[in-house]
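Here we start with a single chain on its own, the form predicted alone, put down as structure tokens.
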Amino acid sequence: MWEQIRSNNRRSVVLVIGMGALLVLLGYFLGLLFFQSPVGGLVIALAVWIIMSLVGYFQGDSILLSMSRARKISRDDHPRLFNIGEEMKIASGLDKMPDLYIIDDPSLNAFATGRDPRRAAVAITSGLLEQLNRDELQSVIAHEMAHVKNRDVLLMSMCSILLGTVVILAWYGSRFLIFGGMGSSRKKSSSGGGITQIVVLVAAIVFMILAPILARLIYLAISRKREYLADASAALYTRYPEGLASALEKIGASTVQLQSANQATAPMYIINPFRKKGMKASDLSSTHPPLSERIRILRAMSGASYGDYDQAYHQVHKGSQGIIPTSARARVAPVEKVIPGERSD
């Protein structure tokens, strides 16, 4: 398990480095354009990123829970949910069970937050509690705890901040360029270097357009990898992949829009919370892997080991490299499924 997580983390690190490179290049071009030196732009870019990262690291979970209008519950509020949480805490190997929150919303969704496993929280909607059976609810909680265990919550929070920094700098840079920045920059270089200035100007404009797009594509690639990993981990924790497949099917079939979601928080949910009014969730989701593929992979599993998930992943994604390293598959033996009828509350 740990080797699998490390392998997934290495892939994610490469993508994060790519996002960081975009931020540095954007600062470089902004410095050349507005300060005639890349140093000024780099300092501003890094300063904005550091400030936003500190706020996100120390207050990001509180901000997200507040934006989602989630309320913390105790064991007395919902004994069955706490029982499920304790089961999945043991199955996942977490030292502390994440705090449990409920969002009073009839839609079906859930997310996890927190900068580390000891300060984590899992929030689910009231609609989810009402419409899922115990096995399905357990699988959703397992999926969210997998995000906590695999440190996806912190990773996606930091990537979201990095993406936001790139978008903010590109937006303000383009506005300053339109409303006077270009004119002052030209005056400073009027004594010479006109061709160079034009080249820098064109390159800066192109990069300010492309940087947010490229950063978002990298961010979505990271998000999709972590969702597949959380599905695999949830199947391992519950020993019952059908539970998560059935839960995803019900969540995707719901036509109710989650009112508290926005574009910034959408990638944190188990499926994309946005959908056309009165319509089911679409496979054409930019923030998550196609829902039908996730369900097919889970239902194609013959057991609940990482090797089973990787085999099912290959059946859906023909010719792909897969998501589970060979060494990790060899070390994890298949486990028996738990029959739902044999469970007790």
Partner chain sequence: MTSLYVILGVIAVIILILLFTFFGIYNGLVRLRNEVKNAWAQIDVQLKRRYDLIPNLVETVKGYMKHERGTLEAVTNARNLAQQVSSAGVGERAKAEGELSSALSRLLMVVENYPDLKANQNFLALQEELTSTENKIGFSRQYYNDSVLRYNNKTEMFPSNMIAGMTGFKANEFFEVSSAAEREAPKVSFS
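Residue numbers count along the first chain shown, from 1. Computed from a prediction, not measured in an experiment: that's the story for all the values here.
A second form of this protein, the form predicted together with the partner chain, is not displayed here; the remarks below concern that form.
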Wondering, does Thr255 line up within 4.5 Å of the partner chain in the model of the complex on heavy atoms? no
Do Ala121 and the partner chain share at least one heavy atom pair within 4.5 Å in the model of the complex? no
Using the partner position in the model of the complex, report whether Leu236 sits within 4.5 Å of the partner chain, counting heavy atoms only. yes
Answer with yes or no whether Gln138 is in contact with the partner chain in the model of the complex, where contact means some heavy atom within 4.5 Å. yes
As a check of understanding, the residue in Lys250, Arg75, Arg216, Arg151 with any heavy atom within 4.5 Å of the partner chain in the model of the complex should be identified as Arg75
Heavy atom within 4.5 Å of the partner chain in the model of the complex: which of Ala91, Met208, Leu162, Leu177? Ala91
Candidate stretches 238-246, 98-106, 111-119, 169-177, one within 4.5 Å of the partner chain in the model of the complex by heavy atom: 238-246
Enumerate the residues of 205-229 that have a non-hydrogen atom within 4.5 Å of the partner chain in the model of the complex, in sequence order, or give none. none
